[in-house]
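Heads up, the chain below is alone and in the form predicted on its own; it's given as structure tokens.
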Amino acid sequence: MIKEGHFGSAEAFCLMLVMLTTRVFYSSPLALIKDLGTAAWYGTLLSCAVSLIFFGLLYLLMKRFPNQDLYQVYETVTGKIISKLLILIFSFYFLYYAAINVREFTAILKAYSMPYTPVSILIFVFLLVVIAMTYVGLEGIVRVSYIFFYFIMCGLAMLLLLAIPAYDFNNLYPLFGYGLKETIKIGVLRSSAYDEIVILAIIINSIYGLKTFKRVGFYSLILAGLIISVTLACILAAFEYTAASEQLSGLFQLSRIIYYSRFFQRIEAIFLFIWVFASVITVSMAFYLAVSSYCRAFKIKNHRPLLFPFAALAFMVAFIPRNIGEVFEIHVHFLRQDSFSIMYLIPLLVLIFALILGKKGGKAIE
């Protein structure tokens, strides 16, 4: 087994909050506003509430096996062969997650900042940084996220506060958007947007067990939901839902309209700074999990020889979408709305099997 090290609840909280909120820098606000209109800002809170329910069920599963991580629970409940298949599914999903996030990042970067740079060059450079981060291992990625967490969150808060003169909160009306029924439907389906919380169950042995797992999971989900909700409300207040649903990155556009004088305007550099670091941390963590999950499935003790092969795979997967439309309409849509079939449904089925078979991993502790 790979030696992943240990870190405390503060570091785990910073990592999860960065991963859960990074999507606000991408096209997620565009998609949510397009689907829900003016109800997008509280529709995401419904998604967060559904994710909290799933996390509670995940906690019940981990509580039955207090000394095991999620992959070990799979092996205990389903056996070696099926558990290997489930772990490989997670490995391939995390590889896909990392690749599509890189493609989405480079697509938006090319559209706004580097229109003449080939996408392949941007992806290649990004993956080199990801390889360097992953080479250090899980503990190194977590420490980096802890360091840059404060810059990312302070930068996001600064952008939202500086844009206050542009807000007109009458743009949040009508409150029910396209209808309460549609808001509930999309809100429940988009609970996948918070499914990174399952990562905590995979690395639970590195965060000193159930007590930290429960505390970090619930707090990071709640705070992430509030941050995303406030950000969506600010984007809607600044642009109205018709214009906001047409922008690749609402936050980038928000940073461009900030103007106080001829000496204080066009502060996109702040946005790019926090966006790049949040993206690198998120993709590096997903890429590490793809490699480490593969190693767990085949009992490989050193993940480093696999970094370049997996990076080559990620590079190829990133070019599966033939154009920017496919990136957002198909692949990003799957990650934000349909991935619960992997991240939530598989642990839930394992919990059901564990209850039916009466399997436990020992005395549950807090």
Partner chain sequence: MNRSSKIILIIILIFCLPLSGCYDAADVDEEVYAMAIGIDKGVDNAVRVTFQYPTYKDSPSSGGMKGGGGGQTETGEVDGTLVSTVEAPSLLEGVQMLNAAGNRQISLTHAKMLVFSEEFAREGVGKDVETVARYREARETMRVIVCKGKAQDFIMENKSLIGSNLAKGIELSFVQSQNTGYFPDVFFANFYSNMLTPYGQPYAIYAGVNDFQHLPENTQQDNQSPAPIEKDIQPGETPRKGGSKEELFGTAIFDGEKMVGSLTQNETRFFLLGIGKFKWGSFTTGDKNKPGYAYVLDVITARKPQVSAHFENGVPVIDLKVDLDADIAAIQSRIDYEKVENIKELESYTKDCFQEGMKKTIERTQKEYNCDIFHFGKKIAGNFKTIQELENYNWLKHYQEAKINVDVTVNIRRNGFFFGTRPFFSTRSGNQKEGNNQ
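Residue numbers count along the first chain shown, from 1. Values in this document were obtained by computation on a predicted structure and should not be read as measured data.
What comes next is about the form predicted together with the partner chain, which is not displayed.
The partner chain is not drawn, but in the predicted complex it has a heavy atom within 4.5 Å of F239. None of the heavy atoms of M153 is located within 4.5 Å of the partner chain in the predicted complex. Not displayed here, the partner chain is approached by A243 to within 4.5 Å at the level of heavy atoms in the predicted complex. Within this chain, T38 lines the site of the partner chain in the predicted complex, having a heavy atom no more than 4.5 Å away.
Contact with the partner chain in the predicted complex, judged by any heavy atom within 4.5 Å, is made by just one of A111, I184, L85, L161: A111. When the partner chain is considered in the predicted complex, only one residue from F92, F218, Y178, Y71 comes within 4.5 Å through any heavy atom, namely Y178.
Heavy atoms within 4.5 Å of the partner chain in the predicted complex map, among the stretches 93-101, 226-234, 186-194, 118-126, onto 118-126 alone.
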